[in-house]
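Before any questions on how it binds or moves, here is one chain, the form predicted alone, in structure tokens.
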């Protein structure tokens, strides 16, 4: 008679462990707030945040705001993916261009680009286009750099094998270089989407225009801390959805992995 598999070998164990750790963290925060270790005027009790969800959903039209922020994040994600990968490929193909601009691209990745929002307001106006373009600008550099890193890091032996089969440059790219660089490209996509989402919500907050960022601003100005934290949870939900879509896309492109 075979022994049952231990719980740690179950495919559900990571999810159970994650949820259990999160529940334990919430209980610890609840205790620290009621013990006056944490200031409730800065960190509200998690029970109050949980109780604020129905009110935020019903009274603050959070679902329509959630859809707006999610659609802006999706639009920015598509743009940064297309132009970021294309930019990385361009730098890989033209070494002189890479030597001239790679340092500048890295500098842009480290710059506080959210401060450019007044310029974008002048160019695009106070609308969703400004928010999407801010997210696009913030997320572009990491994808360019990681795409370049993945292509440059392709093992030389794979390239030599392609040459031995007389592959054209196009065939070599699609059959060898791009598949080999995919893991690194997806790392860059995740980084770029994080930067894009941070800037999308941040600009919504700053210009007080639509989405979850505007809701967080309104609730904070009303000193509704529980509602503010509940709205932040919806921002985290947008991030989770974007990451799940990215993970599914990676599995689709890399079925053997």
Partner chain sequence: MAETGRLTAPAAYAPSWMREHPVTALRIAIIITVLTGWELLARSGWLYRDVVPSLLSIGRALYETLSDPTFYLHLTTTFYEIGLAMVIGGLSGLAVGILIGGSKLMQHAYEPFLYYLGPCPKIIFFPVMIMWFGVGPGSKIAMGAISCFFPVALNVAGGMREIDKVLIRVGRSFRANTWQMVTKIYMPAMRHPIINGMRLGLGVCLIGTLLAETKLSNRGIGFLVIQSYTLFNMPQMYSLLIVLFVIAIGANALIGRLGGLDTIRRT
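Positions refer to the first chain, counted from 1. Heads up, when I say rigid core I mean the largest set of C-alphas that superpose within 1.5 Å between the two forms. Here the structure is a predicted model, which means the values were calculated and not measured.
Keep in mind that the form predicted together with the partner chain is missing from the display, and what follows is about it.
**Student:** Mind checking whether each of 92, 116 and 121 has a heavy atom within 4.5 Å of the partner chain in the predicted bound form?
**Tutor:** Checking in the predicted bound form: 92, 116 and 121 are all within 4.5 Å of the partner chain.
**Student:** Which among 178-186, 139-147, 121-129, 69-77 is in contact with the partner chain in the predicted bound form, heavy atoms within 4.5 angstroms?
**Tutor:** Within 4.5 Å of the partner lies stretch 121-129.
**Student:** Quick one: is residue 171 in contact with the partner chain in the predicted bound form, heavy atoms, 4.5 Å cut-off?
**Tutor:** Contact check for residue 171: no, nothing within 4.5 Å of the partner chain in the predicted bound form.
**Student:** Quick check on residue 53: any heavy atom within 4.5 Å of the partner chain in the predicted bound form?
**Tutor:** Judged by the heavy-atom cut-off of 4.5 Å, residue 53 is well away from the partner chain in the predicted bound form.
**Student:** Is it the case that residue 249, even though its partner is missing from this view, gets within 4.5 Å of the partner chain in the predicted bound form, heavy atoms only?
**Tutor:** Answer no; every heavy atom of residue 249 is more than 4.5 Å from the partner chain in the predicted bound form.
**Student:** Contact between residue 42 and the partner chain in the predicted bound form at 4.5 Å, heavy atoms?
**Tutor:** Close contact exists here: in the predicted bound form, residue 42 approaches the partner chain to within 4.5 Å, heavy atoms only.
**Student:** Name the single residue among 159, 133, 105, 167 that comes within 4.5 Å of the partner chain in the predicted bound form, judging by heavy atoms.
**Tutor:** Flagged contact: 159.
**Student:** Counting only heavy atoms, which residues in 191-214 are within 4.5 Å of the partner chain in the predicted bound form?
**Tutor:** Sequence-ordered list: 194, 198, 201, 202, 205, 206.
**Student:** Relative to the superposed rigid core, does the CA atom of residue 213 travel 2 Å or more between the shown form and the other one?
**Tutor:** Residue 213 C-alpha, core-superposed: shift of less than 2 Å.
**Student:** Against the rigid core, is the Cα displacement of residue 55 between the shown form and the other one at least 2 Å?
**Tutor:** Stays below the 2 Å threshold, so no.
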